[in-house]
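Only one chain is given next, in structure tokens, and it is the form predicted alone.
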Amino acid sequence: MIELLASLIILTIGAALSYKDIRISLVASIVAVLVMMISGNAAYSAMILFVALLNIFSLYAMRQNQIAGLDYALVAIMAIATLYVFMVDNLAMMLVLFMVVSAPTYLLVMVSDKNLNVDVGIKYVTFMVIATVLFIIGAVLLYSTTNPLIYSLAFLMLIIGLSMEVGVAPVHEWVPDVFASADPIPVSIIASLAKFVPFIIAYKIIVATATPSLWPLLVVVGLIAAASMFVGNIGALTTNEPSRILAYSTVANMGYILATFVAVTAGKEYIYFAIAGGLLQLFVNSFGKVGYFASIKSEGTSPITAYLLTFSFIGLPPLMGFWSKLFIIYSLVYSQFIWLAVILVLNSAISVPYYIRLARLLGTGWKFNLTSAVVLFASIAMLITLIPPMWFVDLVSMMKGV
């Protein structure tokens, strides 16, 4: 693909010249992502671009970090892979993209504008390597076996690898410690842009390999999703530290998204609604985490932006978080998982107190700096769905491999 090659060349040149001026890499990274957008779906590409730009400008606010200049290129590579994964259904290419998105986070998690967080990096990388191995083995076996026992084992390996990668309970041990110990800006990248590719690839693999005997395994997935919702929301209720609240919030949100996998054996319409709900929730989680972690970095933000992010996470209509949960609930009900839909609604109610507390902790006043601008644009992104997003369901129906 010409656009992909051009993007990579631009990134390479920008990163090489960053030793002279990191702004060269900043501009090159933005241009590279824009070039890659040409060949993608306009709506999906625009939203991913917005997440990537927020991540890049967040990094620019801490431009004294140990890999300043290279960090923009790493985020751009992740964004390009996230754009490209929407357009492919080849297993080998999907697994390459999975590693391309995961690997840059190994370095990003350690950087800060103070000291290099090596201890945090070691813990994070250990979990991610195990997650990658499980995910890849599970994916390859799902495509290569017809034996029901091996298929079941491969499916569970894929789900466990995915869960460990994104932070689903009960394999979420790395999330609270890394979120609380690492610099807020790199963590916001791990909590946002890095989440899309693992879920999109898992959707494509499971839809492509689904069999009629999958139902008992889907029940297991539903139980894991429900456990992650409860663990995340109850964990967030029991802490007052903003970073840990956001860590447990991520565990809960990943549970909401994992729940959508139970719809893969339903009709196409329900699969589209399930994936649309999952992807919208990923965007809610991305914009929210970028905004909140930028608020932590700047030691506060405007109460208006803090509450706008909060209300979207809670699911107040017509913000993005309302539509994502509505689509997920719709797909669960019509896939005969009414009990899981009820658990999701219950957990949304449980989350209200800690999200309100988080808005109070961080909504201490507007500051005129770059991170506050990032928070502002992240909160404005939650208004994208003021027009009912049925267009997003249509977007999912155009995804290759679904």
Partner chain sequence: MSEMVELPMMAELLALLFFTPILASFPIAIAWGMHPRPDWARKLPVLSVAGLFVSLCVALYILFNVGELSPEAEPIKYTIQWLPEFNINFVFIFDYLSKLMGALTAVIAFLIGVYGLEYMRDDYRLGWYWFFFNLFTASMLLVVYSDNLLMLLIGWEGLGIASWGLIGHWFRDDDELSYVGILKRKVAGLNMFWSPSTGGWRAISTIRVGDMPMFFAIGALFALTGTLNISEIPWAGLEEKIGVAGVVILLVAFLMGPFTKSAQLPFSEWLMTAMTGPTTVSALLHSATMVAAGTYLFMRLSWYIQPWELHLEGYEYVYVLVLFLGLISSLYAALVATSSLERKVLLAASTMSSLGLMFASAAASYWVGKFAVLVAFWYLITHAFAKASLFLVAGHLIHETHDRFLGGDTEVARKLKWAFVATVIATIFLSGIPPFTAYWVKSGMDGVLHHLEHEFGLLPLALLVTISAIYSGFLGKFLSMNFFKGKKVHLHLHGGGIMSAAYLTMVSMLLVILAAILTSPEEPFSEFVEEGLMASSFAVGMIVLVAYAFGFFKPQIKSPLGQFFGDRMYMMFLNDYIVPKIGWAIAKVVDYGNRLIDFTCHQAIPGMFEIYSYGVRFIQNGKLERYLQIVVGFVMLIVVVAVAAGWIA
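Positions refer to the first chain, counted from 1. Please read all numbers here as calculations on a predicted model, not as lab measurements.
Not on display, but discussed next: the form predicted in complex with its partner chain.
When contacts are defined as a non-hydrogen atom within 4.5 Å, all of Phe127, Pro148 and Ile234 contact its partner chain in the predicted bound form. For the candidate set Met87, Ile137, Leu153, Ala266, a heavy atom within 4.5 Å of its partner chain in the predicted bound form is found for exactly one residue, namely Leu153.
Among the residues Val101, Leu91, Leu217, Ala306, the one placing a heavy atom within 4.5 Å of its partner chain in the predicted bound form is Leu217. The stretch that touches its partner chain in the predicted bound form, counting heavy atoms within 4.5 Å, is 160-168, out of 105-113, 290-298, 160-168, 268-276. Although the partner is absent here, Pro176 lies within 4.5 Å of its partner chain in the predicted bound form, judged by heavy atoms.
When its partner chain is considered in the predicted bound form, Ile350 lines it closely, a heavy atom lying within 4.5 Å. At a distance threshold of 4.5 angstroms between non-hydrogen atoms, Thr238 is in contact with its partner chain in the predicted bound form.
Though the partner is left out of this view, Phe230 does reach within 4.5 Å of its partner chain in the predicted bound form, counting heavy atoms only. Using a 4.5 Å cut-off on any heavy atom, the one residue of 245-284 that reaches its partner chain in the predicted bound form is Tyr248.
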